[in-house]
Ligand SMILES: Cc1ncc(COP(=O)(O)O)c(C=O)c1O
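For reference, the chain that follows is the form predicted on its own, supplied as C-alpha cells.
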C-alpha cells in the first residue's frame, strides 16, 4: 500500500486543513505571530485524535476536577503506569514501574537530572545543533557545554572521545530522535554512545519524546534498552505530547534508571516535580491505548510532506540544502547559499512565513531554519511558494 492509498479517505481530516481556520486559533503557533503561514513551534495543525477528545469530554462530563484517586497522594498516575506497557509493547523495553515518575513536561525531567546529578562547571555533552532549551539549561545552570557537531551526515565521536579524555564531563543529553535534525540514532550509533558514556562515567539523559514519529522503515531503539548496565546510568524522559499534539495539557514521564537521581528525588518533598494534570493523564492514556491508527495516518502525511519538500525547494528555492528527516515532523534547512546572511528566518517572515530561526539551535545554526511539516500537503506547497516570495 502506498502512502496515498493509506490516507486517501482522510478519516481524520489531515489533508483537508483550512488556513483561515488555523489563523483563527489563539495558541502560540498561529496566534502569537501575525503571519500568513505558521511553521515554527513544534505543534501540529491536525485536530486531536477522536479517542483523546472523548476522554477529555468524559472528564468534563463527570465534573472530575478534584483530587484524583490513583492509590495515594503521591501514587504514580495511570499514564505513568501505561508508559511501562507502551515501552514494552512498542519498543521491547520493560522499564521497572517502581523507577517511573510523573512530570509536568519533558524539560522538567531533563533539568531536574542536570541540576541534581552535576555541579556548576561540570561538562554536559550535547549534539549540535540542539533544541535551544537544552542550551539554555546548560548555560543558566553554569555547566560547561561539550559539543558533538554534525558534519557530512554524521556526528564526530572520535573528536568527542579525545576531548572527554582531556577535559571530562558528567552528563550527556541525548535528544533521540534528534531535534532539529530529525536524525535517528540506530543501534550501532547508540552502542558507540553507550561505550563512550560508560568509559567516561557519564549519566545519559535520553529525551525520547519524538520516538513515535519515526518514518516508515525506521526503528526507534530506546537507549536504556541496550542492557542493564546502560539502563542504570540512564534517565529516560518522554511523553505523548509530541506525537499526539498534547503539549498544552502538561504531562510527561521519567524513568530513573540512575540510582543517584532516585536517591536525590527520594530526599525531596512529595510533588517536588509537581502533580500530574488530570486532563493530561486522561489524554495520554487514550493516546497510548486507542490512537495508533490516527498516529499511523499522521506519520504517513508527514512522510509524504518530508519527501515532497525536496521537490518544492528545488522548484521554488534552489540552493537550499535539505536532508529529509528520518523522524519527527521537523525539517532542517541550510539556506546559506541563498545569500540571506545568518538569519534567513527574517527574510521568510517578511514574506509571510514564520519559521524557527537556526541560530536558536546554537552557533552551527547560523544560516538555517527549522520548518514544521505537520500540516496538509497543500498548505506546505503554498507555504514554500510564499517563502520564495
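Residue numbers count along the first chain shown, from 1. These figures come from a predicted structure and were not determined experimentally.
One more form of this protein should be noted, the form predicted in complex with the named molecule, which is absent from this view; the next part is about it.
**Q** Which one, 287 to 295, 225 to 233, 173 to 181, 84 to 92, holds residues whose non-hydrogen atoms are within 4.5 Å of the named molecule in the predicted bound form?
**A** Answer to the contact question: 173 to 181.
**Q** Quick one: from 143, 242, 306, 127, grab the residue that has a heavy atom within 4.5 Å of the named molecule in the predicted bound form.
**A** Flagged contact: 242.
**Q** Just to be sure I understand the contacts: of 299, 106, 282, 135, which is the one whose heavy atoms reach within 4.5 angstroms of the named molecule in the predicted bound form?
**A** Going through each option in turn, the one that passes is 106.
**Q** Is the named molecule in the predicted bound form near all of 117, 206 and 262, within 4.5 Å of a heavy atom of each?
**A** Zero of three within 4.5 Å in the predicted bound form.
**Q** If you check in the predicted bound form, is residue 131 within 4.5 Å of the named molecule, heavy atoms only?
**A** Residue 131 belongs to the contact set for the named molecule.
**Q** Though only this chain appears here, would residue 42 touch the named molecule in the predicted bound form if you measure heavy atom gaps against 4.5 Å?
**A** Looking in the predicted bound form, residue contacts with the named molecule include residue 42, since a heavy atom lies within 4.5 Å.
**Q** Applying a 4.5 Å heavy atom distance criterion, does residue 192 contact the named molecule in the predicted bound form?
**A** Looking in the predicted bound form, residue contacts with the named molecule do not include residue 192, since no heavy atom lies within 4.5 Å.
**Q** Might residue 250 be said to contact the named molecule in the predicted bound form, defining contact as any heavy atom within 4.5 Å?
**A** Yes - in the predicted bound form, heavy atoms of residue 250 and the named molecule come within 4.5 Å of each other.
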